[in-house]
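First come two forms of one protein chain, each written alone as structure tokens, so that there is a structure 1 and a structure 2.
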Structure 1
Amino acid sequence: MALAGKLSLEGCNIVVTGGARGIGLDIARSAREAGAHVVIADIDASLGESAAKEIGGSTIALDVTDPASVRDVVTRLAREHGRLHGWVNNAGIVRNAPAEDTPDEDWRSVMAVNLDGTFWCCREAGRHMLAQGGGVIVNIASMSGLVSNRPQCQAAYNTSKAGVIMLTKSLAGEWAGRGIRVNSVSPGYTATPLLEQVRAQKPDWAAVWQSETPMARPAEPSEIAAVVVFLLSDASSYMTGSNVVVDGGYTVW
């Protein structure tokens, strides 16, 4: 098959958690442009509906921190769409605070969304994919799972994303022989509305981020989304357990 054909997601059903904004929305948009039917699964039902209308997909309310919610959503999507070809775990949050000042609830909330939520979704989507004979899972990790970036303090976020990378490798090893590929993408600083808000509020942080990134700019969300589409597609058919770093060179220093 020609490369263009391998990159196509025509006829595929792809689910993107946290797909109503930021990187998730660009992933959903790019997967739709590649031919997939995209389901935006987001805790904000209203925003999910708007995003789905924008890209020409559909939406479903999902709280990734609730295993029962995840189980119900996968069951419903399997009933409505049949085969789930791909699942992207993008939902995530960050809390910035020195470790010694981090409240218990902030640590737990970050772990609940970023790590626990990723596992709940992998487990339930994986069960369905095993039953159907295969599928693809892409987890959105972070370069912060590989390095402790500065100047901001974010021990909980860094730890959660390191866990996502190891979870990806673990599941890839378990499921490779049963038709499921599991990979992760580790973005660097990405020009989402949230990053722009932080850059405006903390220009000293932004100056450090730029000076420590060899390409001296943040990624565009579409640059992350393109890698995710590649991992969802047959063009990456021999990849599993990989963590693809897309950080403008930040982690080379």
Structure 2
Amino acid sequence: MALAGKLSLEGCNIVVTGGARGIGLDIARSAREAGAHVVIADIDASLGESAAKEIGGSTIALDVTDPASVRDVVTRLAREHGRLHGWVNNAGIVRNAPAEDTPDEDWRSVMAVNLDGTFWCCREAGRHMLAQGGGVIVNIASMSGLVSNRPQCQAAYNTSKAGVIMLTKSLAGEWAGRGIRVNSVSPGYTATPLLEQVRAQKPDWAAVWQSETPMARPAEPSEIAAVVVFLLSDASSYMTGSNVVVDGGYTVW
């Protein structure tokens, strides 16, 4: 098949967690442009509703930290759509605090969304994909899973994202022989509401981020989404267990 055909997601059902805004919304939009039917699964139901309307997809309320509701959502989507071709674990949160001052609840909530939530979704979507004979999972990790980026202190976030990278490799090895590919994407600083929140609290950090990024700018969410669509598509058919770093060169220094 020609490359354009391999890159197409025509006829595929793709679920994007945290797809109501930021990187997830651009993943949803790009997958839609590639021909997929996209389901935005987000904790913010009303934002999910307007995002789905904007891109011409559908939406379902989901809190990835709740394993029972993840199971229910997968069961419901499978009943409504049949085959789930692809699942993108993008929902994520960040808390910044020096390690010695990190409140218990901040550590727990970051782990609950970023790592536990990614596992609950992989497990439930993976179970369904094993039964249907294959599928593709893409986990959104971070360059912070590879380097402890400065100047912010975010031990919980960095650790959760390192866990996502290793979870990806573990599942890729377990499921490769049964038709499921599992890869992760590790963005660098990306212009989203999440980055904006951090920047609003600490205006002087942006200059450090820029000076430590060889390309000297944040990514646009669409620059992350393009790589995710590639990983969802047959153009990446020999890739599993990979962590694709999209960071404007941050990790070369």
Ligand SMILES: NC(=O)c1ccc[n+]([C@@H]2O[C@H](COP(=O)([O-])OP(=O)(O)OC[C@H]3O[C@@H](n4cnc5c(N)ncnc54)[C@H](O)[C@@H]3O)[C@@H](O)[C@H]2O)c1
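A quick note: this is a predicted structure, and the numbers were derived from the prediction, not measured. Each form is matched to the other, and the largest set of C-alpha atoms that superpose within 1.5 Å is called the rigid core. Residue numbering: structure 1 sequence, from 1. Shifts are known only where both forms have a C-alpha.
Two forms of the same chain appear here; which of them is the form predicted on its own?
Answer to the question: structure 1 is the form predicted on its own, whereas structure 2 comes from elsewhere.
Could you identify the runs between structures 1 and 2 where three or more consecutive residues, present in both forms, all have C-alpha shifts of 2 Å or more after superposing the core?
Residues 196 to 203 form the single run that moves by 2 Å or more between structures 1 and 2.
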